[in-house]
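As a starting point, one isolated chain is supplied in structure tokens, in the form predicted on its own.
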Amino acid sequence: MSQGVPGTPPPKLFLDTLARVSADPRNCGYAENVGERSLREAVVQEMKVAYGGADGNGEVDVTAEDVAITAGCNLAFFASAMAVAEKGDEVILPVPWYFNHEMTLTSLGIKIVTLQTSPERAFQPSPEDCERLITPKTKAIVLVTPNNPTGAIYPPSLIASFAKLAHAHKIALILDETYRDFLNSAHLPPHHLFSKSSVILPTDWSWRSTIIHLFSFSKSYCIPGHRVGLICASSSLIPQLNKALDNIQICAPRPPQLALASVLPQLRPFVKDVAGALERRHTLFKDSLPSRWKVGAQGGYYAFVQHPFKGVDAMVVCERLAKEMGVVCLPAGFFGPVGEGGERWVRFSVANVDDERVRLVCERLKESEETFGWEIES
């Protein structure tokens, strides 16, 4: 339960369509750097459903000119960072962080300013704490929701607070929503940032002045190997992103773009079914977890859990779980400086296992309490 990969095969409709378009020699050439126009237009319709309502008629102000297709969401983040910041600039990154974001910023010479989150706040970042970190060198704030690694789901009001903060300071809010489609109905829509009118945002609000939205097709459609992601940003920023994309990848893989473009609306039931199965597995995991193992946050692919062993670092716990119990999970220390009390947190992924494996893992966690010989926190 360590890796954030889908455990469900891709939909057959996509695979059949991909086989057909891949066999067409006309689809073997380069695509535009920003991606196939047909996929960008299809993405806009999916965003209208995701952020504006099931009928797709919500007031979502996004056009195909605001969208660039990338070879996966990691590339989307890399290009976005290159477009908004230079070596020596600062980007605010909540901790625990997705380690690829940290590695990207470090490789570009961009200074990471850590925004600590805590279990007391269910790992929700604080806009007030964030504002105290902003300096003249700050170029962006990064949020991932539902979060990797914690699974924390940021409510629309919190996302709006960060959007207003970034807007006021004239910096970017890079919003990675790779796991957007795994929100249940209680959390929909994910936010209102793309709305043409919103009572919770400034009267002069324009998402294009602030928001850089990232998304991945890997998780929702179970196709991580085909490397398709996207950036949604102001059409005035797209040319700058285009420069970065041209020097890194030239274009994202073309056949999966064409296949997705023609079937996205038809795949909505598949996405919904996978999300429902994942929600049920989260419930099973939480209900099956030994009582001394405490869930701090849960959502998307992940659950962030506090182990019960007093004074033992999660790195040591995870190593013994892997070697002695066959349970592979990741310690909080993999995801940045843990802060006080953070050494006892562990990330579990519930996406790539079935229900039987979830129950087995929880049985092994209970067994570890009896066999590891460590003092249990009361």
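Numbers follow the displayed sequence, beginning with 1. If you're wondering where the values come from, they're calculated on a predicted model, not measured in any experiment.
Not on display, but discussed next: the form predicted together with another copy of the chain.
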property: Contact residue in the predicted bound form, chosen from Gln298, Gln116, Gln240, Gln249 - any heavy atom within 4.5 Å of another copy of the chain; result: Gln249
property: Listed residue that, although another copy of the chain is not shown, lies within 4.5 Å of it in the predicted bound form (heavy atoms), from Asp287, Glu86, Asp129, Asp273; result: Glu86
property: Candidate site Ala160, Leu165 and Pro265: all three near another copy of the chain in the predicted bound form by heavy atom within 4.5 Å; result: no
property: Heavy atom of Pro156 within 4.5 Å of another copy of the chain in the predicted bound form; result: no
property: Partner contact for Pro253 in the predicted bound form: another copy of the chain, 4.5 angstroms, heavy atom; result: yes
property: Partner contact for His213 in the predicted bound form: another copy of the chain, 4.5 angstroms, heavy atom; result: no
property: Partner proximity in the predicted bound form: Met82 to another copy of the chain, non-hydrogen atom cutoff 4.5 Å; result: yes
property: Contact segment among 279 to 287, 265 to 273, 96 to 104, 200 to 208, judged by heavy atoms lying within 4.5 Å of another copy of the chain in the predicted bound form; result: 96 to 104
property: Residues in 223 to 243 with any heavy atom within 4.5 Å of another copy of the chain in the predicted bound form; result: Ile223, Pro224, Gly225, His226, Arg227
